[in-house]
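Presented below, as structure tokens, is a lone chain in the form predicted on its own.
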Amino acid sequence: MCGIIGIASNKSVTANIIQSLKRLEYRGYDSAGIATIVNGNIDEKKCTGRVDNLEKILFKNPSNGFLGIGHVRWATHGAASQINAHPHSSEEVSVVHNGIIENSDELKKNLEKKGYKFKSQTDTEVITFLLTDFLKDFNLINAINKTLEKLNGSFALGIIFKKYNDIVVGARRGSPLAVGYGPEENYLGSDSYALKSMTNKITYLDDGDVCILTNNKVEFYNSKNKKVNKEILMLSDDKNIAEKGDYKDFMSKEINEQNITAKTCIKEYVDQLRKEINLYNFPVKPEEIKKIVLIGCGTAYHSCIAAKYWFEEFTNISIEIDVASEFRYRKIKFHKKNLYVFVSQSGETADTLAALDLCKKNNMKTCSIVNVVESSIARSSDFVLPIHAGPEIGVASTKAFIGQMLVLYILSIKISEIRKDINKAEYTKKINELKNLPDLIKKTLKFQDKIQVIAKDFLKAKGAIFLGRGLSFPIALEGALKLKELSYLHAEGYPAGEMKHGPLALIEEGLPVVILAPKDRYYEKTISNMQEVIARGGKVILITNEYNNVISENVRSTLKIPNTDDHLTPFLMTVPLQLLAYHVASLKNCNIDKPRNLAKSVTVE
């Protein structure tokens, strides 16, 4: 959600800024822009739409500065327009900004009284004019500090100056920001992925930090304005992560490599030879855990719901699940023997990070389950469990969801074994069953052709309903979310038993209803709910692993997933729903990798 790049170099930076902005496209955006210092002046160019549009503008009218900043914007304050696109520049200063300035209206009124005329509807432009105003009376460092003191809210900033034309300034409060190091040039980026094409040497800013970059030096100042040294980290070299290969889009690639995701994750955590799960250094002794609180947003929250069933089944620990944006504003009853688990694909999700910060301020023990080990959430947690899914470029999460659930499942088994809530034989059995999961996912991926046919039933529908009980319920929620995200078709997920308590009113002739009914303890009850849908004209798509011919002939379509342990069926149920959402969106010619209005890394509240 919004992306920043800044480069201080001894050669033209425009091409590298554009390439870095393209790497940030996965975050979701609606406009793009760049500002460089050319012949002693700020040269700003920006546009609505894709980075390709900006590239065309620069091709016609090049900007060859040795220092510059770039941005992709996801609209918050003000519509998606060229005027509202970043950077926002005055004669003296140009600013790119991720986050939200909560007191921008008040600041704007004060600046207008001083004669400053605003062109945009954004909150960011107040930063530009505050800096411009303070530079009249203060040196660079003091002007920056005076400006930051005025700002309420969260932000990551990239700034260049007409007068100080050899530096790029970065500042962070809440939103992530990283510095990269290169030969005769240094970089500023909203995440390490944007910088990986240029360097694998990274430093992360902490809250309150300010950095000053030239082409051959980087200086850091903390929130107390004291100069500090920062650790330089070496990033792993991920090859071919941004290549679609033979796939039409990244999402198709990511769905179809989920068996590999599962295999990699299991290999990282499970020793099949010793029949052991390798998890060490828990922040709290599992035997002493009073409660586990699972916290996430969107797809990550759905993985938490699934985990609640596993933890309750395998352990005697009390389990709570919470939406991060709700958790952070409630009057939480903290307890020193609770473990707070935060789930996030990017590790930068603003609400989840804020919930984690709240726990840290109350000295709680924390664990994070993330896909980016260098992320803010990972670095702030006491204990980190990577999902090992590799970079996920499609905005709507697929393989990361499988990875999140898998790590949570493995964690639940390990904690139950340490606490002796399950016996050694059951523990070994669970480990053996995990070995087969990647191949079972691969078999489930073969539903492609049949699902392409089923997807046609959704094209003229007003919406869709997804129903499941037990572990199938969070998968129903996730299936509905994927359909909404990708195809823009209204969809709702419900516990199947809730149908009679309101949602049944939505059932009408031809409405697609996806029923998740594996042969588990809920099977007969779920089939009864399905019959209620059929009786009212619903068009049922049944996903099950029951192979006896006892299902009503009025079912529109049946997808039979492979048999496995009941606790692993959520993984196999997930894949057909991802494929369904994908093919409905494809038939509707939607932008599958970059759904409208959505961002991969949600870094604002």
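None of the values given here were measured: they were computed from a predicted structure. All residue numbers are counted from 1 along the displayed sequence.
The form predicted together with ligand F6R exists for this protein as well; it is not shown, and the discussion that follows is about that form.
The candidate spot formed by 123, 172 and 175 is out of contact with ligand F6R in the predicted complex: none of the three has a heavy atom within 4.5 Å. Although the partner is absent here, residue 345 is a contact residue: one of its heavy atoms lies within 4.5 angstroms of ligand F6R in the predicted complex.
At a distance threshold of 4.5 angstroms between non-hydrogen atoms, residue 299 is in contact with ligand F6R in the predicted complex.
Interface residue remark: residue 349 is counted as part of the site for ligand F6R in the predicted complex, having a heavy atom within 4.5 Å.
A residue is said to contact a partner when one of its heavy atoms sits within 4.5 Å of a partner heavy atom; residue 482 meets this definition for ligand F6R in the predicted complex. Of the candidate stretches 520 to 528, 388 to 396, 147 to 155, 314 to 322, only 388 to 396 has residues whose heavy atoms lie within 4.5 Å of ligand F6R in the predicted complex. Residue in contact with ligand F6R in the predicted complex (any heavy atom within 4.5 Å), chosen from 190, 94, 404, 376: 404.
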